[in-house]
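Next up is one chain by itself, shown in structure tokens, the form predicted on its own.
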Amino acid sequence: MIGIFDSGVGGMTVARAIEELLPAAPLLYLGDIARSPYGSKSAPTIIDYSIENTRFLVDNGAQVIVIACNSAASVASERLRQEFHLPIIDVIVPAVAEAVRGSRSGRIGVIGTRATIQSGIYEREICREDPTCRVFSQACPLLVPLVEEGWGDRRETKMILRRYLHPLQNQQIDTLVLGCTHYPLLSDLIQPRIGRRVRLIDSSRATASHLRQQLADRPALLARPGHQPADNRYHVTDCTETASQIAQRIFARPITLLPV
């Protein structure tokens, strides 16, 4: 079973991508809506939350963990690998590899929460992958709350996006990493405001592809007894009407959110 956690519902974009690429794999999702967003919290607090989330998934049968939250991945990945002896995959490494591989000029932009941007994780990983790349980062602290509130189509959201993206436009980037799993829900607004020639890197799809590669030699993690139909479970620490609506939008079908 694959366990996935996020600070809210944005990580469901990762779950949806994994469903599409690994339809035989049972999924267990935990969205920590009650304590969202993580991006404005301190590193020790995010680490504590991440340990609690991972323990819930492991206690309920997860054999591999996907950190579907950039804020958690940026500060808690190493601690989780120390605490739990099972495969732990984060959303950062796959996104970095795709960004470096796809950039023509080596000028790469990153947008994310304050915690993700302040950690410097994307700059370090991109430059480790290719030292010739230049990375331009922009914290976008208002975007997660706007997504969680269902304000994706509001005029205010479009104005805020324009303000956040303007400095990156000035740097003439050709690739933009959506460094938060909530951001793919805004990609239709981000693309025209950053420019049609800029390639958007969706960490959700990159992570799903990376996970499939990692599990290619571990078929036991992908098997269901008797080849039973999917019985994926989606848990949340607080079930709101907006969360249910966003989940349905992501999966394009009704999703039952189970309380923890």
Ligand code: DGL
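Predicted, not measured: the structure shown is a model, and the values here were computed from it. Numbers follow the displayed sequence, beginning with 1.
The form predicted together with ligand DGL exists for this protein as well; it is not shown, and the discussion that follows is about that form.
With the partner left out here, ligand DGL still marks one of 54-62, 208-216, 35-43, 189-197 in the model of the complex; by a 4.5 Å heavy atom cut-off that stretch is 35-43. In the model of the complex, none of the heavy atoms of Val100 sits within 4.5 Å of a heavy atom of ligand DGL.
Mapping the unseen interface onto this chain, Val144 counts among the residues with a heavy atom inside 4.5 Å of ligand DGL in the model of the complex. Contacts with ligand DGL in the model of the complex, taken as any heavy atom within 4.5 Å, map within 110-137 to Thr113, Thr116.
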